[in-house]
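Next up: a single chain in structure tokens, the form predicted on its own.
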Amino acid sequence: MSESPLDVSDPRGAADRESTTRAERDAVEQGRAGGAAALLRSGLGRNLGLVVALVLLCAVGVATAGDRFASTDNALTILRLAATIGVVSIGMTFVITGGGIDLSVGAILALASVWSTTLATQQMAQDTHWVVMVGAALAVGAGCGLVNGLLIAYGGVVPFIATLAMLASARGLAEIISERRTQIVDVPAFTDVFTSEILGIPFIVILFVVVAALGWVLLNRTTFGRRTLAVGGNPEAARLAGINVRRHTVYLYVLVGVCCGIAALMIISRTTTGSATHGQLYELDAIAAVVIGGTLLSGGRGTIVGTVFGVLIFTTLTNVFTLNNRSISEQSLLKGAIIVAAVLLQQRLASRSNT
């Protein structure tokens, strides 16, 4: 009589089947764990994590500040604050994705705000058109970015040092031009446009959305974006592939400079002033938002959507602290801890991807 494979009377066969079942169960669990890790490493997984973090932060805000946090006015306040630093962060995303960094964004913003609100510029704007102020801010931002780019790409200066020098120089020049005074804006047509609302949404928030959308298209749907990823991932390989790495690097710093010019216009409209003190520590907030969003500090990977979420998380965090009368020192301490945690998480995920 032949032996049946389902014969449970055989102890050795039962043990083999149990071992096989255990192995299959372990394989399924490992597959699930691997799938979860792959999801965390994917763009969708990172964005879902940021959404969860933002929702939890909002829940903390509602629990601790109640209606003061949940009101429509407070939501618009958060969006207005996020718009200015958000535009700077979009530009910073391109620079970091391309393997660089820019510590001078806050100082460039201050210089652009001062230059576009001098008496001469405002007089010219009143005599001709308020767009003159816009042109001045964008030109100053692009010029500073061009200097940074040339020093780094053709001068061989390390990005950290070049932009640190620009930070000091631009802030100092802004103080010289303004004589350390706050310059009041007296061009009603300019403030009318930038403080207007469309369907109840502030103009500067719409401007931030437009800049973010253009940034997403530029990074994900154009040759410029693909070259940025290539330059940030492996500059030598990008050069061998025919990309002019130096010229592209200059373009990236000009781009972040233009973003600083746009942000300067936003902060001028919010405060109706131009000042050398505008943009203090914006470089820290912008880099933090970009890193939290999932862009690699080492370059080669960037995400505009993640940067937008990173900006919203940091702005909401600041708002919650302010509503609960917490000190700026406590805010800075927590932001620093979040940045360190984000970088450590990036390194851990990157090491797993390489294994």
Partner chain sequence: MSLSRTTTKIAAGLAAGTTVLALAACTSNDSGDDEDLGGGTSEAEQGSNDEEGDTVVIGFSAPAADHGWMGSITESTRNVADQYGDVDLRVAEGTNDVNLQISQVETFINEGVDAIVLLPFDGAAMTPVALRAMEAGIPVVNVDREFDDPNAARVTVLGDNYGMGVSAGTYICEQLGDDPDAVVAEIAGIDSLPLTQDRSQGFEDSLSECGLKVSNRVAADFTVEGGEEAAANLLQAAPRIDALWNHDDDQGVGVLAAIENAGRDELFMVGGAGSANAMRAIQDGDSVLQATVIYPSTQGADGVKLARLLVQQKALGDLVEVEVPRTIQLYAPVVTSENVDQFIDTAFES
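Keep in mind the model is a prediction, meaning the values are calculated, not measured. Numbering follows the first chain given and starts at 1.
Unshown form predicted in complex with its partner chain; subsequent notes refer to it.
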* Mark Arg227 yes when one of its heavy atoms lies within 4.5 Å of a heavy atom of its partner chain in the predicted bound form, and no otherwise. => no
* **4.5 Å heavy atom contact, Ala168 and its partner chain in the predicted bound form** => no
* Contact label in the predicted bound form: Tyr282 to its partner chain, heavy atom within 4.5 Å -> yes
* Determine whether any heavy atom of Leu81 comes within 4.5 Å of a heavy atom of its partner chain in the predicted bound form, and answer yes or no. => yes
* Looking at 210 to 218, 110 to 118, 68 to 76, 149 to 157, which one sits within 4.5 Å of its partner chain in the predicted bound form if you count heavy atoms only? -> 68 to 76
* To do: Please pick, from Ala238, Val254, Ile267, Val140, the one residue with any non-hydrogen atom lying within 4.5 angstroms of its partner chain in the predicted bound form.
  => Ile267
* Pick from Cys58, Leu323, Leu297, Val305: which residue has any heavy atom within 4.5 angstroms of its partner chain in the predicted bound form? -> Leu323
* Which residues, if any, of 256 to 287 lie within 4.5 Å of its partner chain in the predicted bound form when only heavy atoms count? -> Ile267, Arg270, Thr271, Thr272, Thr273, Ser275, Thr277, His278, Gln280, Tyr282
